[in-house]
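A single chain, nothing else alongside it, follows as structure tokens in the form predicted alone.
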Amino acid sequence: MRRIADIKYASAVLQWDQETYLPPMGAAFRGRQIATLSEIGHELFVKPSFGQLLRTLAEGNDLTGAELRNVQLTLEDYSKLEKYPSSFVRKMSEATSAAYHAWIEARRENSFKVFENKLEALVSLKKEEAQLLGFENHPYDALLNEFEKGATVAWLDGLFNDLKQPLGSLLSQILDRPAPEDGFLKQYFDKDAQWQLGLELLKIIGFNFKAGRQDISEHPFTTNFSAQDVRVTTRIDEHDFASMVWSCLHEGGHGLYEQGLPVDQYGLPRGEFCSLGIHESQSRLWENCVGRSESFIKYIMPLVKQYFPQLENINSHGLFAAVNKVQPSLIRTESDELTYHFHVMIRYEIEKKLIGGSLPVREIPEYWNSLYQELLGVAVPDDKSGCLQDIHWSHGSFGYFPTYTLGSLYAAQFYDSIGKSYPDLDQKIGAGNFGSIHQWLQSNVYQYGRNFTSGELCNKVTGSPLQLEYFQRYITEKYSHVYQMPI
């Protein structure tokens, strides 16, 4: 397993380089290199002799509980991956590399047409993958399960329907109130100064730069090659202060999770993250529950003013209100915590129809624009700020988007439990003391790796399965404070 992990992470280094430093002419050969490593890793994993070894171990009675769980989870992965022919793995890897570079060019030219053919090829392969994996009700279920074990269209349809009404009601209330002033966030903020501030913020929340680094990419992401080598990226807009700051905190949350996983379980399931929903809970917890709290902003305000004297006359409450302003907008990664979930629902609807076969790829821009008008009342001016804004489809990550909302729900429930464990949590954050949060997450999330499903983990550490009420209470209390509304 560690030998296979070496190959997987070697490929991950090449993918990280592809999105940060690769010169444009290197794209074609890089796609080939990644595809070759993906194929080799897959062939090693699905050897019949390895499958037989796993079955023998799983049926034995001489393993510790932790060892047996590693075997069970590996056998589960084996049973799934043996359904993939090696030729399909290579084809998928080559298609995603080609789609990524087409996406970059399409964004440069602000034209979905440039991306359309590569995306169509990828969607076709994802439909084929769903058939290979198998499903009971909807082909999209097979892909959802890759990111959030047990997630289905039926479950998510119900979840989003239950969430849509209360969020819509809260949004209507907020839009009737005077909006916080946020024009000062759109001044000129020097790129190098933003970069240095971002590094400082990552250090503040505990990201270990001896076991990681930050770079610039077209779309912020986190990857790792072990728990001791974790890479985060950000992007900088010199006329939007909030974009880089909360991107760093978001990716920093992902990075802290990867750095917290058990080092001695490298290459094994117990050394891997629980699910993408739980992974997103970590980024959303640090970005929003902590990072957009008034206590945190009060703590970092002197540092912010040190780097940007133009904010000298802004107090911490003013910055807190500004970065929590609710406003329907075009860009998911820069949206507020409330309207963010409508962005996720839009992508979910599109993916569901693409994989189900009722939406042709060529009709994505038109359908995308109509959903933005319907759910957010926003007119989409062009492809770059519309259907080309996210990197996920170019990675072939169909089924990922729902985990952003699931992550926010898990984050609110976890944060509630952290607050119960440490009643003075706000004071700790205001003093720059994040040790209690780290300790809780290490004890309740990081140490278990993939030992539990998301639902099992949530139930174990909070005392109840995932429930919407925690998020609804969290977001209502926050915006009631920002907008001075009665709860």
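One-based numbering along the sequence shown. Treat the numbers as computed from the prediction; the structure is a model and nothing was measured.
One more form of this protein exists, namely the form predicted in complex with another copy of the chain; it is left out here, but the text below deals with it.
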Checklist outcome for this item: Only one of 69-77, 334-342, 318-326, 201-209 sits within 4.5 Å of another copy of the chain in the model of the complex by heavy atom distance, namely 201-209
Checklist entry - Among Ser111, Ser295, Ser226, Ser385, which has at least one heavy atom within 4.5 Å of another copy of the chain in the model of the complex? => result Ser226
Next on the checklist: Between Arg231, His279, Lys118, His250, only one gets a heavy atom within 4.5 angstroms of another copy of the chain in the model of the complex; which residue is that?
Outcome noted: Arg231
Next on the checklist: Tyr307 versus another copy of the chain, in the model of the complex: is there a non-hydrogen atom within 4.5 Å?
Outcome noted: no
Checklist entry - Does any heavy atom of Tyr470 come within 4.5 Å of a heavy atom of another copy of the chain in the model of the complex? => result no
Next on the checklist: Is Lys460 part of the interface with another copy of the chain in the model of the complex - any heavy atom within 4.5 Å?
Outcome noted: no
Item to check | Gly26, heavy atom within 4.5 angstroms of another copy of the chain in the model of the complex | outcome: yes
Checklist entry - Though the partner is not shown here, which residues of 1-15 have a heavy atom within 4.5 Å of another copy of the chain in the model of the complex? => result Arg2, Arg3, Asp6, Ile7, Tyr9, Ala10, Val13, Leu14
